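Starting off, we have a lone chain in the form predicted on its own, written out as structure tokens.
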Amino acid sequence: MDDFVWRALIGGVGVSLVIGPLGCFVVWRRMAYFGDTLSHSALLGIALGALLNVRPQVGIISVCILLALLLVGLQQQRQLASDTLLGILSHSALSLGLVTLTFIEGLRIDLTSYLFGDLLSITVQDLYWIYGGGGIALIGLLKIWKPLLSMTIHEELAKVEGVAVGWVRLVFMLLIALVIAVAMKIVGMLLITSMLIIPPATARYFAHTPEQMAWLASIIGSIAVTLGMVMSLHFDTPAGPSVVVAAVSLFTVALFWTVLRAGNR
């Protein structure tokens, strides 16, 4: 196989290994809209990166982290519900990013690759970003796994048991921001939330413990990346959307298998 195929496969699997466990908590805590908000803000990060003449990943990480911090602060008020805040921040960041890009003269950016991913153009530097950022995210998640799981089961009880609920929630949001930033190359800002949700949702049909669901989600995500790449190379379809189609297909198979098994009992 060509080198670009190997790089795409290594990068996609690297993202899946991290996004699987994090995605489980996104599913358990019903935070899909939060993932959408951070991914939409990535366009503003790209624009700021272009303005400051730094790598897009640096701008994306910075904006995602700032947005996560802003959301944590805004959630302390009682006038607006969390989903309303997320909607405001999501569309504001996306619109600001688009407007900012129009004011940068001489800038040529392939927005399609950022919107839908560009898996087959992953470079060695991108792999460093993926595995470096992904490694940090995995270590961080391991550190907060038990308190975050306690919060997910019963937040008030976790608080009584001495869990620093606010800090754990903040760290978790920052980890999601980091992973979204490093995974942009795989499926793009418009589809990244699907990879946070679909593999864990598929794993849920087969797992019996939270830990099983986490590593199964990583495996399913890796399989989806591989199948999506094969589809893209064979049928000349966009790589990012092809990965998501593969993930949805795996979910559909798991769903029907579960229904059939339940019907045969």
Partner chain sequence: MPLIQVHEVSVKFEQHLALQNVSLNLNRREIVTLIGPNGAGKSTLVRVILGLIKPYSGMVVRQNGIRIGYMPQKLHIDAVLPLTVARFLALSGVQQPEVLRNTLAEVGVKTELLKRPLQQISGGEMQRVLLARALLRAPDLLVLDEPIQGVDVNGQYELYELIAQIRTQRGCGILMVSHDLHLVMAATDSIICLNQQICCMGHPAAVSQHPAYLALFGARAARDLAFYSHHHAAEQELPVKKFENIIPIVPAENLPRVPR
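Keep in mind that what you see is a predicted model, and the values were worked out from it rather than measured. Positions refer to the first chain, counted from 1.
The following text describes the form predicted in complex with the partner chain, which does not appear among the structures shown.
For the candidate set V27, L233, A50, I223, a heavy atom within 4.5 Å of the partner chain in the model of the complex is found for exactly one residue, namely V27. In the model of the complex, the partner chain lies farther than 4.5 Å from every heavy atom of T100. The partner chain is not shown here, and in the model of the complex it never comes within 4.5 Å of any heavy atom of L227. The partner chain is not drawn, but in the model of the complex it has no heavy atom within 4.5 Å of D83. Of the heavy atoms in S113, none are within 4.5 Å of the partner chain in the model of the complex. Contact annotation: the partner chain lies within 4.5 Å of heavy atoms from the stretch 157-165 in the model of the complex, the single such stretch among 133-141, 86-94, 120-128, 157-165. Proximity of I153, T209 and M213 to the partner chain in the model of the complex is complete: all three residues have a non-hydrogen atom within 4.5 angstroms.
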